[in-house]
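Encoded as structure tokens, the following chain is the form predicted on its own, with no partner shown.
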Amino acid sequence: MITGKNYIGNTLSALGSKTYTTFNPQKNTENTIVFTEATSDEINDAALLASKAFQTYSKKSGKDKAVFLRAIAEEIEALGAELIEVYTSESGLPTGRAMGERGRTVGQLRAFAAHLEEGSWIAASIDTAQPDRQPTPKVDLRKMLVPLGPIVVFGASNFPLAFSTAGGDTAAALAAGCPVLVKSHPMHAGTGELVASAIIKAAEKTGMPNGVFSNLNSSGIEVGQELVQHPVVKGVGFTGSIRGGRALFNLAANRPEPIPVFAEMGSVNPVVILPEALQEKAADWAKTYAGSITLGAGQFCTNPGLLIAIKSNQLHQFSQVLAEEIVKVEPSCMLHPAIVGAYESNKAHVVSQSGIEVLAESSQEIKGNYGRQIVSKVEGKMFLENPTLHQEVFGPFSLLVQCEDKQQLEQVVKQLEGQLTGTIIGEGEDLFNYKEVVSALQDKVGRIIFNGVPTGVEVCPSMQHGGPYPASTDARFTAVGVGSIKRWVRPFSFQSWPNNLLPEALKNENPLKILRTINGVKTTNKV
């Protein structure tokens, strides 16, 4: 049952007077449950509980944490139909999407559990002493990754499950040994509370310390600001806009003790369509991209918002087919009236720019909170001269940039900001003939795709979901897959430490039987 209260550790609390409701975009009405925003006292209590819990939780074994993560997955599944119903009522997204995202969420948790059980992720490194070394003796040094401390995770508007309360950031932080304070997203607070209840139940069942997880409601920015500035907080995970992510980054940097903010922000995910591909399959690729641009009402961080190619008869054919196909797609419900409003405003701003030609816009009759898809075109010269055209329009929108020649195509790619993904569509000798363009695109993105679409992010160890700024605040890390655990740890060395007092991962006997680096050699052997 949803109470509308905050979870301060395992205690439900509603001390504040500021309340709000979520919104059903399909019905275009407010939902009935009233949520109470967390007060400063509740924020402080949750943070102090997390700090206390860290002293115990950070020392839990990988196997114990794995049991906890699997229990969270089981408790989320046990929420059954109620979770799916609340998810759809707060997001406007269909049941199939809700079920798929739930599967991804529990899959992430179980993947981290397996990662912990294997154990080698802590990167244990041992360099044994050489007391007889000349001219100076060498001391015994042993290094491993250790958790940072309490982490604040911000729920994402467009992924109520997979990037929110028990999503990738939370799963990675808990796996690392860090307690988590979730700043619940106001658009899906009910979904968030249900998932929070599952995490709390799992924590109690598996003997985790009170305060290992808290869930705090908020309708604005104040709760998030207080959390980021709280002195016990050691890191932040965020998925959202450039404006929001940059504000948190600046706030964290200006603390007396600056802390890292791992923010996944805006991306237009440029698609470079090379000449031979247009010669061979212009119509096919146009149909494919009409589907990708409109998938989920364009509300994916990997939506292809920019298509780039060289002017030709084949490009004209591509643009004609794209225009024809995109208006055939039924418009979809967007997440919230505020999202729809921003989409309409941003696309109108782009379309009003000099040199923009609208190729097609849906004219179908639509209900409230539905987004009309649109594809526009601009010449490469105008794109290079107008930075406004480089910005993301969150929704079913894409801009086709028509370049004069190969040189201008390369210039356009080089002028792009950092992106999550980039795509090359090519055939035959395209990759060889345009290797400078491919190289330029590679410098701008975290993931490069060949002959595919950027929408769809596989959860696996080889996935990189992050890219050069402003796609993310630190391109060295991923927000998806078990590798994302590295955001919430730091390297720590023991020098000349008694073997019996070392962590299990660094003991001579290697009781965990993990892969370690001993004197430069990777091995599972004992020292």
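Just so it is clear, the structure is predicted and the values come from calculations on it, not from any experiment. The first residue of the sequence shown is number 1, and the count goes up from there.
The form predicted together with a small molecule is left out here; the points below concern that form.
The contact with the small molecule in the model of the complex, taken as any heavy atom within 4.5 Å, belongs to P186 out of P260, P209, P186, G426.
For the candidate set N386, T288, S241, Q442, a heavy atom within 4.5 Å of the small molecule in the model of the complex is found for exactly one residue, namely S241. Contact check at 4.5 Å (heavy atoms) against the small molecule in the model of the complex: none of L93, G341 and F397 pass. With the partner omitted here, the stretch from 326-334, 192-200, 174-182, 387-395 that lies within 4.5 Å of the small molecule by heavy atoms in the model of the complex is 387-395. Contact check for G220: a non-hydrogen atom falls within 4.5 Å of the small molecule in the model of the complex. The small molecule in the model of the complex is approached by A247, whose closest heavy atom lies within 4.5 angstroms of it. Taking the partner from the other structure, the small molecule in the model of the complex has no heavy atom within 4.5 Å of any heavy atom of F112.
Not displayed here, the small molecule is kept clear of P275 by more than 4.5 Å at the level of heavy atoms in the model of the complex.
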